[in-house]
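One chain comes next, on its own, written out as C-alpha cells in the form predicted on its own.
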C-alpha cells in the first residue's frame, strides 16, 4: 500500500467508503472487498424516487461535481434531489492498486485485475440497492468515462434508469480513441521508474506522468483553445506556463496504476458486448429519456461519433454543448459552459417519464 496525500479529504472533501463485498469481474478474477468512495448531496425522500447517480471520469472524482455542477442554483439541486456520486474503481479513492490492503492485499499494485465499465456499473447498482434501498434512478449523468458508465447503466439496467444524460462520451469507444488512451498508457509505462508497476512512490514515475499531461494538452483541449490563447483567461502568461502550472501538477499528483486501471476500462467501453456486437440492438434496449450531450470542440469524443449513437436510441435528443476548451471543458472553466449544462439537464429533469 502506497500513501499518497492527494487521495485524502484535504483534496477531495468529505466522502464515505462503502463496502459491497466481493466483486467478480467480467475479465475474470475478483476484488475480494470492493470499497467504493461515495459522496452524497441532499436527502433521499420516503418514496426513494428522487435519486440521481453521477459516475466519475478518468482522473476525476466527486470533487469536481461538488464544486462545479451541484448546488441549489444548478439543475443538480440537492434541495430537490438525492445526488449520489460514486468514484469509479481505480479512482484512487475507491479501491485502487495503490490502496489495496487487508483482504485486497493480494491484488495490490501490478496484480490489480482488469476492471471494465460494466464492473463499475454492477458495483454501483449493488451499492445503491443494498446500502440506500434505491431501485430506480431519476437520472444518471456523467462526463467522458462517466458518460460511458451512463450508457452502460441505461443498456444493462433499463428498468432502473428513467433519464440518462451522457456528456462528452460514447457508448462504444472508437479505434482512434483507443489509440489515444494507449499513448497515455505508454507514456506512464515507459517512465524509467515504472518498474513493471511496482514503484514505491508516484514520484518515481513523474516523467511518465508529465508526458501524459502533455498528451492531454494536445487532445484534451481543442486546437481553437491554443490558437486563441484561451489560457490567458485562466491567468497564465504563456502556453508553457499553463502546462507547468496547471496540467503537469494535476497529473503528477496521481497514482500511475490508478490511471492505468481507468484507462484500460475507458479503452474497452462498449455496450454492444451485451448483444453480440450489435450496437443498434444494445442501444435499442434503452427506455430512459436520453439527452446525448457532446461538446462541439471535443477531439476525444467528437459530435460526429455521438450522433450515430443518439439516432439509435428511442426517445432521445441531441444537445450539443458549445465550448472552445474541447473535452476538458468538462471542468467548467468557461463561464458559458455550466449555463448550457444546467439548461439541458433542467429540461431533461422536467420531462415526465
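On a predicted model such as this, the values are computed, not experimentally measured, just so you know. Positions refer to the first chain, counted from 1.
The next section is about a form of this same protein that is not shown, the form predicted together with a further copy of the same chain.
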item: Listed range touching a further copy of the same chain, judged in the model of the complex by heavy atoms within 4.5 Å, from 155 to 163, 140 to 148, 170 to 178, 252 to 260; value: 170 to 178
item: 58, 64 and 123 all contacting a further copy of the same chain in the model of the complex, non-hydrogen atom within 4.5 Å; value: no
item: Contacting member of 211, 136, 111, 80, with respect to a further copy of the same chain in the model of the complex [4.5 Å, heavy atom]; value: 211
item: Contact assignment for a further copy of the same chain in the model of the complex, among 272, 107, 206, 215, heavy atom within 4.5 Å; value: 215
item: Residue 103 within 4.5 Å of a further copy of the same chain in the model of the complex, heavy atoms; value: no
item: Partner proximity in the model of the complex: residue 326 to a further copy of the same chain, non-hydrogen atom cutoff 4.5 Å; value: no
item: Residue 131: touches a further copy of the same chain in the model of the complex, heavy atom cutoff 4.5 angstroms; value: no
item: In the model of the complex, residue 74 touching a further copy of the same chain (heavy atom, 4.5 Å); value: no
item: Residues within 4.5 Å of a further copy of the same chain in the model of the complex, restricted to 115 to 145 and counted by heavy atom; value: none
